[in-house]
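Quick heads-up: it's one chain on its own, the form predicted on its own, in structure tokens.
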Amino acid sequence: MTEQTVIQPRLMGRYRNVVLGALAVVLFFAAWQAIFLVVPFNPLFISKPSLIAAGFVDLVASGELFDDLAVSAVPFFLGLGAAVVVGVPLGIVMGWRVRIGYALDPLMTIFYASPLVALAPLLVIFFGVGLPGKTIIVFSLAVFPFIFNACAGVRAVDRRLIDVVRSLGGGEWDLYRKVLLPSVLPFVVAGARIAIGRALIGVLVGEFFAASEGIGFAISRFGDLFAIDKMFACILTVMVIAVVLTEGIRFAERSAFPWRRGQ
């Protein structure tokens, strides 16, 4: 068996998954469009893909969509970046230091399980309207997947690796740098897939409550104006961005950690 005959099935399998996913999306929108051929259509309450596409074109042509996305991108990346910087080290410490883990785990679980979205107005009152408030909301929603995944990654480390580093005279910093952090990275990348979705929700919620621009504010404004086609165009744009970012993380995970492709 030649190398080419081995590579071809892999490529076919990879593209087959993409084709099947794209086909499912096309069939969904086709069914959505076809429903309105037999069901009465009220454009004040629902829209169909053809009108949504037209609304999307109008938003792109006017530049409104890109302006709103640019505004929303700032708190999104700031909050997500802060979640990585705070969540990963805290999760590593919780996983490595048993007493700290026992002390903080109930508190982290309570915050994670609490309806943080419902607390968004309170966060806006404390941190103000605009960028600070939205960034804090994004951070609050996105930080916990990094904490729990990093903690789980540390607890899954092979103890023999730790014993080897210690037997060779390695100190605490060597353990963090050469064993714990590399072992935690796959778990952090997996947690990033969850955190991205929660961060997008945080941006939208923050702009629903206190904003005068951004994609969340645009969705709320178009809903108030009964411009349902443009509202759905913005919603679907956010969905596409979520899929692109999530698939980008998955691609990075497969590239960086090829031994985890089957997991």
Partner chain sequence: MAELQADFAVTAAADAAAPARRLWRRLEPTALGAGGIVGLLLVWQFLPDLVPMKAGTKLFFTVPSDIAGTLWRMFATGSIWAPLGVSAGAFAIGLGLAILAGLPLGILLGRSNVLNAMFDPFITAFNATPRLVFLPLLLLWFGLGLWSKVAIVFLGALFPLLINTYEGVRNADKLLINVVRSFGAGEWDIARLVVVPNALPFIIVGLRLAIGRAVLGVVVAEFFGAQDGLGVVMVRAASEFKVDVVFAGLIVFAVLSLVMTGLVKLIEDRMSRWRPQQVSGD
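Residue numbers count along the first chain shown, from 1. Just so we're on the same page, rigid core means the largest C-alpha set that superposes within 1.5 Å between forms. Keep in mind the model is a prediction, meaning the values are calculated, not measured.
Not pictured, yet referred to below: the form predicted in complex with the partner chain.
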property	result
The partner chain contact in the model of the complex: residue 129, any heavy atom under 4.5 Å	no
Residue contact check: residue 249 to the partner chain in the model of the complex, 4.5 Å heavy atom	no
Contact of residue 156 with the partner chain in the model of the complex (heavy atom, 4.5 Å)	no
Distance check, residue 204 to the partner chain in the model of the complex, heavy atom within 4.5 Å	yes
Heavy atom within 4.5 Å of the partner chain in the model of the complex - residue from 152, 161, 175, 85	175
Sequence-ordered residues of 34 to 71 touching the partner chain in the model of the complex, heavy atom within 4.5 Å	44, 45, 46
Flag for residue 25, CA shift 2 Å or larger between this form and the one not shown after aligning core	yes
Rigid core superposed: residue 66 CA moves 2 Å or more between this form and the one not shown	no
